[in-house]
Every structure is written in C-alpha cells, then in structure tokens.
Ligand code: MF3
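The form predicted on its own is given below as one chain in structure tokens.
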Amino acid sequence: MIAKLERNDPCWCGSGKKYKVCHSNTDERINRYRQIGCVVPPRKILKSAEQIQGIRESGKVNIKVLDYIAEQIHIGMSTEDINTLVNHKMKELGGIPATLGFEGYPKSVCTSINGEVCHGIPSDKVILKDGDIINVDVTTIFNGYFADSSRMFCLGAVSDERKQLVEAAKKAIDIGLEQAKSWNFLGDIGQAIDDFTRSKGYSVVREIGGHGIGIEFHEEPYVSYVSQKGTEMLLVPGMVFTIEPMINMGKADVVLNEENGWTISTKDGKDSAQWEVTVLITESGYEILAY
C-alpha cells in the first residue's frame, strides 16, 4: 500500500519539489479514473525528469546508429554486415546493443526482410538483393537507459506494391501519434492504427505489440494495435513506450521459425513492414525520444 503524502511533503517522483506543486493534481486525476474502473499506470513506470533525460540521451545514440546504417546499407551486403556496423557504431558512441544476449538472442540488431515480420537474425548467408525491403531494429543501452527504434529501407528497384506498404506502415505511426496525449488511452492509439491499416487493405499483427521502455528493455505497458478506443491503460505524463505496428500486405496471421526460435514471418508469405519510435507522454502531447 502506498503511503499517503501530505501536500508539503517531497514528491514521490524524486524531483525535490513539494508534492502539491509536482504530482498531486496528476495523482488526483489518475485516482478519479481508477475509481470508475479504468486501467491506470503504476507509479513505477512514470519516469522522472532525470530518467527522461537519460532515455533521451540513449535515444540520440540509437538515432545516430540508424543514421549510420542508412548511409551504409546497400545491395550485396549481408545482414551480418549490418550487425557488424551496428556493433562498430554503438561502441564508438559509448552505447551497448540491448538485444545482444537478451533472453538468448545472438546478435546486436534485428534484420527482417520482406515477409519476415520481426526478429530476423543477421547472417552472413542472407544477402540483400535488388527490390528487397528490410526492417533494421536497434535498441541502445546508454548510461543504463534504454531506447528502441526501427526503420524500413528499400533497396534498389522496389516494386510499387512494396513501396506503398512501407509508406503505409510509416503513416500508421503518425496516425497513432495523433492519439498519444495525456488522458487518452492506449486503445485510442490502437484503434486509430488498426482503422487506418484496414482502410489501406492491409492487416496489423495481433500477437506482437509495443512495450514500455527506459529503465528496462521491456516494461509495462503492452501496446496493442488492434485495441479499441477508450480501453487499455490511461495515458499519463511520464509514460515512455514504443509505437511499432507490424503491417502485413496480406492476412495478419504469423508463424514462428521453430529452428531459430526468434524470427516471426507472415503465415501467407506476403510482405510485412514496420517502423518504430520511442515516445514520451507529456502534459501537452508527446515527445519522440528515438525514431
């Protein structure tokens, strides 16, 4: 049970401010939502100003790594080459690749090509070809803080069909961000993305979503993109999580590669695309911390 704070007590968030000028009003508003049965965020996932700055700095490293990959990626290189580049740039910038060794994952980046939805494992046997689309997903640990983002890259003469999928997946992020503001719900983001995706004739992967991040790689909340408006967790200033819908050209069904235990692909073999951002909920809206 959380001890009740008096208005002149130091705020629980560690800001050093008095509770009455820091989180008192926010806590009262959260409690009103709790009383009517809404899912509200626990205090442990609301980031302090110091933590937010730490995540912001980690995000800057993550962005620089992806910028570096954008400059280097080309037809004929292997996905293992991408892994090598990530390791090199991450080390140069003072970061640590969060995926390496995470629950046994063997590489420093995820590289998912064409019909691979996510968690593609870099390999010197997988060579980038003309017309491929690839998602490069990087997560950084910098001074103990985590940031996570991914981008799509189109290689050479990519078909119009694939280009449109990649563009729609990026637009889905923008559509979701329009709902990313305090006192909305995660379900508002999910429904906006799902409605948009369906309007384009695509589908959103159901089983995999975004996640809280910052102090750990994966925190609360789970972020679904097939949820309904007005449901899921209440959005409150200080929440940090990823928005990363996986958009399939065909049906939403996916399969796990049982041989490597990681890579998830579309069941029907059609293409998939994904962009990812790390976002902070603020008093006035949102701030993208990694893209």
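A residue's number is simply how far along the shown sequence it sits, counting from 1. The model shown is predicted, which means the values in this text are computed figures rather than measured ones.
The same protein also has a form predicted together with the ligand, omitted here; what follows describes it.
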Worksheet item: Quick one: does residue 102 come within 4.5 Å of the ligand in the model of the complex, counting heavy atoms only?
Response: yes
Worksheet entry | Close approach of residue 128 to the ligand in the model of the complex, 4.5 Å, heavy atom | no
Worksheet entry | Close approach of residue 194 to the ligand in the model of the complex, 4.5 Å, heavy atom | no
Practice prompt. Although the ligand is absent from this view, report whether residue 110 comes within 4.5 Å of it in the model of the complex, heavy atoms only.
Written response: yes
Item to complete: Please determine, with the chain shown alone, which of 179 to 187, 196 to 204, 87 to 95, 210 to 218 has non-hydrogen atoms within 4.5 Å of the ligand in the model of the complex.
Response: 210 to 218
Discussion item. If the cut-off is 4.5 angstroms on heavy atoms, which of these, 222, 68, 33, 262, is the one near the ligand in the model of the complex?
Written reply: 262
Item to complete: Go through 110 to 138 residue by residue and record those having a heavy atom within 4.5 Å of the ligand in the model of the complex; state none if no residue qualifies.
Response: 110, 119, 137
